[in-house]
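Next up: just one chain, as structure tokens, the form predicted alone.
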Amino acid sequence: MKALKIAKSSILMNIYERLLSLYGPQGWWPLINYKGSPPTKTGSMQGYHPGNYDLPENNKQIYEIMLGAILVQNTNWKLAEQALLRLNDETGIDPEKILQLSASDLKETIKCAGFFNQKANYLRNITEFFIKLEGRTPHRKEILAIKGVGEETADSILLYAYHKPEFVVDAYTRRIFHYLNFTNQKAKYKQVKELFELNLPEDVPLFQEYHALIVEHAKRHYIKKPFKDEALQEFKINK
């Protein structure tokens, strides 16, 4: 069992190093008022901060990441970013002002991100939660108790907003590591999460980069079936 863990740890780090060599530091999570340049052309065109793992640096940026984690559910970052920019124009990303928006105005503002009826409610929920925190770091169970926040969203908030070592598992992670035979098709979120957390150093910048690199790689190679991933083919586990 120990030998298997060592082998997986080595392979997972080798995959990470391969992806990093292909795409470089991703500078994720983007912040709308940060003037960093995009490392690639597949996502946002602003807000990246490659190599800077100190962000967010204030509560406003923490709150912005929370909002973005809700808005990006079931859509892509470009559309979530558009909604954030519109929220910024309307409220300056001020939680009190967002709560003051009427339901119809909030829905109209974020309409471009899709599922705006649900997301408007979820944004209010996360905003009320953020205000009650009064600057403290929340626990994972607390965030998961908020209606509209699932495991992926909770881990995104903890990893990127609060620098907690929670590995984020999304659909792209599942596709890549199922293709490489690390996981089965029915693996639960916790099982895939533990694959990384039990076999990698507990390191926030590593978790951030790994997740962002997975997303970038999957957008290039795991959209259309059948998947063909020559870059990572050598890491495929033989069953």
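Residue indices: 1-based, along the sequence shown. Everything numeric in this text was worked out from a predicted model, so none of it was measured.
Just so it is clear, the following notes concern the form predicted in complex with the DNA, a form of the same protein that is not shown.
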* To do: Just give me the single entry in Leu85, Leu101, Leu158, Leu79 that has a non-hydrogen atom within 4.5 angstroms of the DNA in the model of the complex.
  => Leu79
* Sort through Pro95, Gly148, Pro165, Pro138 and report the residue having a heavy atom within 4.5 Å of the DNA in the model of the complex. => Gly148
* **Contact of Phe207 with the DNA in the model of the complex (heavy atom, 4.5 Å)** => no
* **4.5 angstroms heavy atom contact with the DNA in the model of the complex for Leu20** => no
* To do: Give a yes/no on whether Glu152 approaches the DNA to within 4.5 Å in the model of the complex, heavy atoms considered.
  => yes
* **Ile11 within 4.5 Å of the DNA in the model of the complex, heavy atoms** => no
* Structure fact -> Assert contact_stretch over 54 to 62, 24 to 32, 176 to 184, 196 to 204 against the DNA in the model of the complex, heavy atom within 4.5 Å, equals 24 to 32
* Asked: So which residues in 92 to 117, when you check the DNA in the model of the complex, have a heavy atom no farther than 4.5 Å from it?
  -> Lys111, Cys112, Gly114, Phe115, Phe116, Asn117
